[in-house]
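Shown below, as structure tokens, is a lone chain in the form predicted on its own; questions about how it binds or moves come after it.
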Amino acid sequence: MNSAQNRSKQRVALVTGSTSGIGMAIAQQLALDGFTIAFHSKSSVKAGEKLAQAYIGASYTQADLADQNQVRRLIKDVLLHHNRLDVLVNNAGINAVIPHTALKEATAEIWRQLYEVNVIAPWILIAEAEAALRAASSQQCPSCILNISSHAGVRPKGASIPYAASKAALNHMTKLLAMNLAPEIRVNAIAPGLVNTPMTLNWTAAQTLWQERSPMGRGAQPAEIAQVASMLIASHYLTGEIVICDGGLNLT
């Protein structure tokens, strides 16, 4: 069997925003699970290329998900490189920190920016990938879409109201797609709370909140979110689920 045939039989997972944080942890876990990984980022090209070189058969594609043409090109380039797609992890997203009471600070432009990346980009990626996901699917092993949402999309929390609303939209999209893409494609979401990444190191209020109020007494490590992602992707039955991963903070 030649290398092209080998590549066509190897299950492929595209993880957006996978050069750092949660996305990188998920990509690395899926590589351990036996997937060939298509790495992606908006700007960290050197990191992406280094990761692609570190994993057999992996690729890296740069694309700005705020640009719908680049979103479409991302799927096209991944399929040209790997010939198939079995799993799509919509991890990439953007945030805006605005007090919930500062309504005028949450401008229409901020709403548009957040929805473009957090809602519209995942939608376009899914629409563009649908045919490939269906082609790779089987009754024994359905293809899978996993959206990385936020606890802010489930509870009235979050860095800003526009951000929380965009994640709530992603959660509802997850359920609607699970209904309409089944049984060939399963669609689930993970809704993390605080995750300990370089970005959150200075989030002292959030760190204190999780230490004092969450049953687990801390934020999550990226690898712990990746463990849940691995489970959801490995399951051939679960669909339409929004799994909250906040160390039990939602119970308090």
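Source: prediction; values computed, not measured. Numbers follow the displayed sequence, beginning with 1.
There is another form of the same protein, the form predicted in complex with nicotinamide-adenine-dinucleotide; it is not shown, and what comes next is about it.
K.L.:
Out of 164, 119, 94, 110, which one falls within 4.5 Å of nicotinamide-adenine-dinucleotide in the predicted complex, going by heavy atoms?
P.N.:
Result of the distance check: 94.
K.L.:
Given nicotinamide-adenine-dinucleotide in the predicted complex, answer whether the residues 17, 65 and 148 all have a heavy atom inside 4.5 Å of it.
P.N.:
Yes, the whole trio is in contact, each within 4.5 Å by some heavy atom.
K.L.:
For the interface check, one of 154-162, 128-136, 86-94, 173-181 should have non-hydrogen atoms within 4.5 Å of nicotinamide-adenine-dinucleotide in the predicted complex; which one?
P.N.:
In short, 86-94.
K.L.:
At 4.5 Å between heavy atoms, is residue 194 in contact with nicotinamide-adenine-dinucleotide in the predicted complex?
P.N.:
Looking in the predicted complex, residue contacts with nicotinamide-adenine-dinucleotide include residue 194, since a heavy atom lies within 4.5 Å.
K.L.:
So in the predicted complex, is nicotinamide-adenine-dinucleotide close enough to residue 12 to count as touching (4.5 Å, heavy atoms)?
P.N.:
Although nicotinamide-adenine-dinucleotide is absent here, residue 12 would stay clear of it in the predicted complex, with no heavy atoms inside 4.5 Å.
K.L.:
Find out whether any non-hydrogen atom of residue 41 is located within 4.5 angstroms of nicotinamide-adenine-dinucleotide in the predicted complex, and reply yes or no.
P.N.:
Yes, residue 41 lies within 4.5 Å of nicotinamide-adenine-dinucleotide in the predicted complex.
K.L.:
Taking heavy atoms only, is residue 198 within 4.5 angstroms of nicotinamide-adenine-dinucleotide in the predicted complex?
P.N.:
Contact with nicotinamide-adenine-dinucleotide, yes.
K.L.:
Could you run down 224-242 and flag each residue that has a heavy atom within 4.5 Å of nicotinamide-adenine-dinucleotide in the predicted complex?
P.N.:
None of them.
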